[in-house]
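Same protein, same chain, two forms; see structure 1 and structure 2 below, as structure tokens.
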Structure 1
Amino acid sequence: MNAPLLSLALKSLINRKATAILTIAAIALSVTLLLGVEKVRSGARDSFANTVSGTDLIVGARGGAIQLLLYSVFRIGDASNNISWQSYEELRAWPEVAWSVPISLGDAHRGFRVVGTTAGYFEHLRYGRRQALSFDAGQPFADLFDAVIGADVARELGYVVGDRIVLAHGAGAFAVQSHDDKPFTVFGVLARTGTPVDRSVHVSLAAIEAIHVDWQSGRPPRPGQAVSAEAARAMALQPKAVTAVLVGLKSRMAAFAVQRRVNTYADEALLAILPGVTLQQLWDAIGGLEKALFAISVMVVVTGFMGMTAVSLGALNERRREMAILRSVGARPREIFLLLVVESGGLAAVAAAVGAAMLYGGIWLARPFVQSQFGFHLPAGGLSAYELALLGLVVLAGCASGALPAYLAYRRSLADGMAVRR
């Protein structure tokens, strides 16, 4: 590549600003889409993988394995059935079980899920590389109406230790039945984990019982039948059921045996999953869609380049004179070819850079939404080797799509020589 050629290509592109900018915009958008698909894919995978670390088994009511994984760990979707407290007590006593953390889902606080659990949650739950949860402020709940909130809950709602909050029945931001007769006190704020824990409000299992103690078949108490918070304290708040149980084993070797034992449990239809294995099945299941999305984004990139080729071909006729002048001052046909390839490659390189920049802008804009809707953190991070390779391919594709008009120009300049009649 020689310098005069590069400067010629640059000046020629600047001369056709409007076309160049439109071409760059079209390709940059397609590049953003291409990288976005990849970012969301890898972000979801990493984030989900980070969330299940350290739990050997998850036990829930018999149903879909992936469904159990999604609602118990990622707080996506809802359980169709619960596990009886009795089954949980029996399971917890098995000799292979090192620890077990029951969770009870179904309530919400201003769009954040409420998790009824035990203090063991803060002790045993792991995320990322088997890191334990830690507290930014306060500590695990002690009183019946204490709540421990995740980092996002604290940040988005501006809560600090000591604030009073009211839970609502049912998940979702617009849950109407509120438990306003039994307010909670924020007792602890967890440090950020990048997992759905950040978006959870944790209370004790007994508290979940307490706020529903006067409810009848899932309906709020009729007037005159309400039980006050103080009265609830005096009642037996033994949970009757939990949604799922996270289980840690003394030895990994036992995982398959315990899983089998849960799945063949005679007294209740239960399901135990190995979270890592089920997560893999989830990815296998949506792998086809990932491929389809990737294929679509590749098609969009290709469309962008076809547009560029069309524009370049269209300009070829009016550039015939220019090519003849270049030939007359000694440009070789090969250099004419290179000039057009460099122009296309240059446009593609700029488009790739702009596309990557737009991606980060997009991530920055979409992150809160993704975090709140899907509970995973979109990583900004640098470009991975794979993404850089994709960008490299985009630039190569740019050069390749410049090759057709370049070849035509090459052929013409051989035939025309320096004599083009206008």
Structure 2
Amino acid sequence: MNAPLLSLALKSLINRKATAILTIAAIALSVTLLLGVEKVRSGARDSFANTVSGTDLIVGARGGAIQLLLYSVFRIGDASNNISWQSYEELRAWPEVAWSVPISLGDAHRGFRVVGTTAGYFEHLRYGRRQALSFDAGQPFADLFDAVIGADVARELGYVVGDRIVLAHGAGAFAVQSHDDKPFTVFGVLARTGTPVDRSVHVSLAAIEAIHVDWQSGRPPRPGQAVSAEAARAMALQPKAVTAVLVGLKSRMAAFAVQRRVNTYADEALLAILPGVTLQQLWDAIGGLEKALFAISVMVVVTGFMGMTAVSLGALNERRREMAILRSVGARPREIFLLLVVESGGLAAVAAAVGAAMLYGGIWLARPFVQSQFGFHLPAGGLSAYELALLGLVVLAGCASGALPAYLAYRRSLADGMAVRR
């Protein structure tokens, strides 16, 4: 392709700059949507995969595997039943088990889930590529009524080490009964992880028992029967049950054997899941939505190019004389064809670049909000090979959309452009 043809195509587009700018804007928006869906998909998948790592099994009451994963890792929903403390102690004594971290759910603080656990939580829990939890301030809970909060809890509620907080019974809209007689002190603030840990309040299992020690059958104490915080300290606060257990094994080769042993445990109906496998099942369950969003974005791109083709066809009649003049000065039909294809391809290329720039600008602006509200990280690295391939297809589609007007211009004779139509 020669330089004069490219120069002529550029000058032609500049001469029709209003139409060209509108066409570029329409296609750029569709490209932004197309790449945005891909970024959200890959970001969500990475966030799902990186939420928990280094944990070989998660054990809970028998039920659905995805349900167990949702409430134990993502703090979504509630358990249908608990695990008895006796079963937990037997499980952690198995020779294959290297470590175990029990968690107890069921309380909240101003919309954030409360997680009752042990000090081993901060030692063994991993996220991302086996990254350990770290503290921005303070340290793991030491006293009965100490609390360790996630980064989002600290940021959104303005808490710092030393602040006093009050937990409430129940989660979400059901957290209506406050444990205001037993306040907690913020003893540590965890560094950001990009996982549900950021939106959790962590206390000891003994603290969970202490705030419910005077409750009966899930109901608050009657007047005159409440147990004070100081009195609770002197009581035996051994948990009777926990919600789930995170398990690390001495050898990952034993994972299936231990899983089978848990699932056939005779004394209690238990379920053990492999986090990685269940995460993939969860992703597959929502994969239909991912494909639907991608299909919608592709249709938006196609619609944009159909509009560009319609505009080119509409303008072709107005450009009859321009085409005829080019023919009269020596342009061959093949060059007229290439001129229109190059114009369409150039518009698509510019639109693809503008769309990619708009996407990264949007990611830069939206990343803090998405991170805090939805708990996953939008990747802002360079375009992947797949995304570059999508942009290449957009440019090819632009060239293809100019082929029909180019063919019609190619077929027209010189005299057709010179004739005066009444």
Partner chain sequence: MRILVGMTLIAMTTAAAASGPAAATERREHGAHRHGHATLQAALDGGQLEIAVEAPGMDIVGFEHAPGDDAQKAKIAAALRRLGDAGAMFDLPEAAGCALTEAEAEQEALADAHGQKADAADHTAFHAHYGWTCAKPEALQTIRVRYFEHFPGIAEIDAAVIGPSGQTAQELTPQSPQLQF
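The shown structure was predicted, so the numbers you read here are calculated from the model rather than taken from an experiment. Reference numbering: structure 1, starting with residue 1. Throughout, rigid core stands for the largest set of C-alpha atoms superposing within 1.5 Å between the two forms.
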#### Entry: Identity of the form predicted together with its partner chain among structures 1 and 2
1
#### Entry: Exercise: are Q86 and Q139 on one rigid part between the two structures
yes
### Query
Degrees of turn, smaller rigid part against larger, between the two structures?
13
### Message
Keeping the rigid core superposed, can you check how far the CA atom of G43 moves between the two structures, in angstrom?
### Response
2.7
### Cα displacement of M358 between the two structures, once the rigid core is superposed (Å)
6.8
